[in-house]
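Given as structure tokens, the chain that follows is alone and in the form predicted on its own.
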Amino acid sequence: MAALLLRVVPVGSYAGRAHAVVERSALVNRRNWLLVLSGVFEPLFYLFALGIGFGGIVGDLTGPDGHPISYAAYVAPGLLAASAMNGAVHDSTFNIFLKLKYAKVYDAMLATPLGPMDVAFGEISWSLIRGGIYAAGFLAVMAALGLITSPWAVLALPAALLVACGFAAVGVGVATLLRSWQDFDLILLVVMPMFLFSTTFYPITVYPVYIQVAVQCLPLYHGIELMRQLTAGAVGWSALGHAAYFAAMVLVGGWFATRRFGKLLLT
């Protein structure tokens, strides 16, 4: 893959050293692992408060395969997708903005043999690792609570990594457009409603048809549906469509982030 990119991208954009950016992030955070891992707990709080606590009042819901499942088993895959999204978005926006606007980390990086595509791929990879850690921790808790009922669930972790990679690619590109810390309110204005209304806590059938169409356009909806199919063992051809949605996010987001880094740092 690296050899192919070296052949097709403009000279100077990619040096095949994106791993150096990942290594730098790991070194910077080596004394802050507790802060990095703290993101694992947020979806767990939602799972225990809503899935198990509130679920005792709600009762069973219809699962992806048409059979009744507990409310905790219904909510958990949604929180798994949301944890992958939150970890990736947090790391690919706040950290990138700080390094780009104030710490001037990327100016120093581009004074080395690194190119803007190395920087973009390296930062997306680090955000992917962070989102993957959150997803793996949440999956372990789901398994311990007996909320996973299908062997297909072994694919939930790579699916969560794909979800995290999609959000990270778009997040890195968006971070290059931000003007000040106040602009992060706009990101929260997008992420929070998406978390609440993308069928995380209830089926899409509660909405009128026109709102269902709008919800189906949201990326988190596709992540949640993919996770529900895998953890419940009701995998269909639609799973490929959900995965393709995030593959497109990775390609478009990675391309846009690379162009923005090149424009901001090399011109």
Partner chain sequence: MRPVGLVLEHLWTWYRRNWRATVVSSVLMPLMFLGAMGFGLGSQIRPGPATAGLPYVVYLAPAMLVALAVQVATGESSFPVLGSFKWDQRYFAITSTPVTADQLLTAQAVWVALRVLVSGLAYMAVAALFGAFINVGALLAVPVSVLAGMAFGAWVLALAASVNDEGTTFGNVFRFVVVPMTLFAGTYYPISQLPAWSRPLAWVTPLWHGNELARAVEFGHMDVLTAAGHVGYLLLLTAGGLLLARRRFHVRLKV
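Numbering follows the first chain given and starts at 1. Computed from a predicted model, the values in this text were never measured in an experiment.
Just so it is clear, the following notes concern the form predicted together with the partner chain, a form of the same protein that is not shown.
- Contact here is defined as any heavy atom lying within 4.5 Å of the partner chain in the model of the complex, and by that definition not a single one of 125, 129 and 144 is a contact residue.
- Picking from 208-216, 224-232, 26-34, 238-246 the stretch near the partner chain in the model of the complex, with a 4.5 Å limit on heavy atoms, gives 26-34.
- Distance criterion of 4.5 Å from any heavy atom to the partner chain in the model of the complex singles out 189 from the list 140, 189, 111, 98.
- Contact check for residue 152: no non-hydrogen atom falls within 4.5 Å of the partner chain in the model of the complex.
- The closest heavy atom approach of residue 65 to the partner chain in the model of the complex falls outside 4.5 Å.
- In the model of the complex, none of the heavy atoms of residue 158 sits within 4.5 Å of a heavy atom of the partner chain.
- Not displayed here, the partner chain is approached by residue 71 to within 4.5 Å at the level of heavy atoms in the model of the complex.
- Contact residues in stretch 40-60 (any heavy atom within 4.5 Å of the partner chain, taken in the model of the complex) are 41, 42, 45, 46, 48, 49, 50, 52, 53, 54, 56, 57, 58.
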